[in-house]
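Shown here is one chain on its own, the form predicted on its own, set out as structure tokens.
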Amino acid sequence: MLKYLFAKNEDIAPGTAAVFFGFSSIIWFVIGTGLGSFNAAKLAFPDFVTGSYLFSFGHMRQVHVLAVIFGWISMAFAMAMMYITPALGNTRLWSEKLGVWNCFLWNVGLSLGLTLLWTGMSSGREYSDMPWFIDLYIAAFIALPMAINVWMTIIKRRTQGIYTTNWFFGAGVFMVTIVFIVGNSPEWFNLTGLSEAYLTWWFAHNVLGLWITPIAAAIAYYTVPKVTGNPLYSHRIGHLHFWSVVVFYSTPAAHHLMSAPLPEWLKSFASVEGVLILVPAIAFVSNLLLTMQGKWHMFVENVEIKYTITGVLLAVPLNMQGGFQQTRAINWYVHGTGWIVAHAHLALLGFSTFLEGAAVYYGLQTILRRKLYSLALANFHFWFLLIGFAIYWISMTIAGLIQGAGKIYEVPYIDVVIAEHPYMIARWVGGTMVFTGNLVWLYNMWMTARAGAVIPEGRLPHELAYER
């Protein structure tokens, strides 16, 4: 990477920034899930690694969460935008050099921020735990350069219209910049009390709703038509999806604070809009599944489609559960329990991770012009990820229901801990399976870059997947 930082833009091959982002995202996924497995072991086996505050759950959890969000998920998004945006505009990335610098500064800033978190320097706000100067660094050297590169590539496109995917990309980088700046304002302006809590959860909710959800969906809008050869079923439904995400996901996020002294009208408004999230979800899922008409055999045979459609299908329970738990009665029962942890992992490790996995698999093969090194290892990764995630999600959902019942019926805390212990062990098993699968993925993609068969000109990687 270092040699490209000071090279001329025209001397850097197209796709270079995307390749660096792709491998960075996989490495951060390995780190993030490795930390997750470690934390799950501490919950399942309380005597596991004790005696050092550096390895306490409170320190390690923040590092795990932000390594996954800013490292794996967001870098995989950056990778997707660096190669899909120019491909849909029939042009080059506006500045390959800016993309390489963006990736370099991203890795440096994230490493520094996570190290500070690990040593205990934290703002203490959910999802925006980084110290204030790291927040400024992220806004100036990570979010803004990425947004400029995406917007300028869309502006300089050689196509007449803007495809649905680039609508989501262009809007997503704008929305996440606003969400990040506003969401971190309590720390910069010393806001306290209810204002601080409200803005903190506005940030936490909208990082998912206005960044992770739309960009993950945008990847599916590209991958399915590209790999199957079918045109998108309906561009109008795609636009309905886009605008309903903007309207219904940008809620005040007050459903995270149902027990706080917020105005009652605001809580009711948040609950209603929370249920209306089903509108973009139904539009998205139906549009993609109808695009698969006549090509469902690829769901079994093709790695990229297998990942994409699994992610699309996981949007169904994700949004059903999301709307369900935002009603007041259910929110009261599950608030603060493992149910919420399970739901968050359904969004980040289920829905979005499978779509990002498809983008990285397809993107690296396409840019490197290399056939996947091992299809068997890719399938191993898929099943370990899917089964590991399912074990995690189901066990934590059950643990959450146990914790909710214990809260309502005033069961002694130690009895609740004993009752949920088997599910904590299952959580650790599921998380460790995901981590193991990711190690295999890293090896497979590294070998693809070094020893994968060269893809001839005029062919696409998925066309060669089953040719020996």
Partner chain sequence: MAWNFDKPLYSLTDESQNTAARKTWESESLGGITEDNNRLPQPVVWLLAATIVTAFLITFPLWGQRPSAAIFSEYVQLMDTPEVQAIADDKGKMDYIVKNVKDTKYKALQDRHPVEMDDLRMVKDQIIELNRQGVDLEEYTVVGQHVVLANFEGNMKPDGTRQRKQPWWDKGYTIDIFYVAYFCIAVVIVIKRLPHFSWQPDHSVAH
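Fair warning: this is a prediction, and the values are worked out from it, not measured in the lab. Positions refer to the first chain, counted from 1.
Missing here is the form predicted in complex with its partner chain; even so, the following discussion is about that form.
Using a 4.5 Å heavy atom cutoff, His239, Trp265 and Ser286 all lie near its partner chain in the predicted bound form. With the partner removed from view, the residue among Trp211, Phe248, Tyr373, Phe384 that has a non-hydrogen atom within 4.5 Å of its partner chain in the predicted bound form turns out to be Phe248. This chain appears without its partner; in the predicted bound form, the one residue of Ser234, Ser95, Thr177, Ser123 with a heavy atom within 4.5 Å of its partner chain is Ser234. Contact annotation: His297 falls outside 4.5 Å of its partner chain in the predicted bound form, judged by heavy atom distances.
Its partner chain in the predicted bound form is approached by Tyr222, whose closest heavy atom lies within 4.5 angstroms of it. Ala140 falls outside the set of residues with a heavy atom inside 4.5 Å of its partner chain in the predicted bound form. Not displayed here, its partner chain is kept clear of Phe203 by more than 4.5 Å at the level of heavy atoms in the predicted bound form.
Partner contact region in the predicted bound form: 327-335, out of 375-383, 144-152, 327-335, 115-123, criterion any non-hydrogen atom within 4.5 Å of its partner chain. In the predicted bound form, its partner chain lies within 4.5 angstroms of at least one heavy atom of each of the following residues of 159-178: Thr159, Gln160, Gly161, Tyr163, Thr164, in sequence order.
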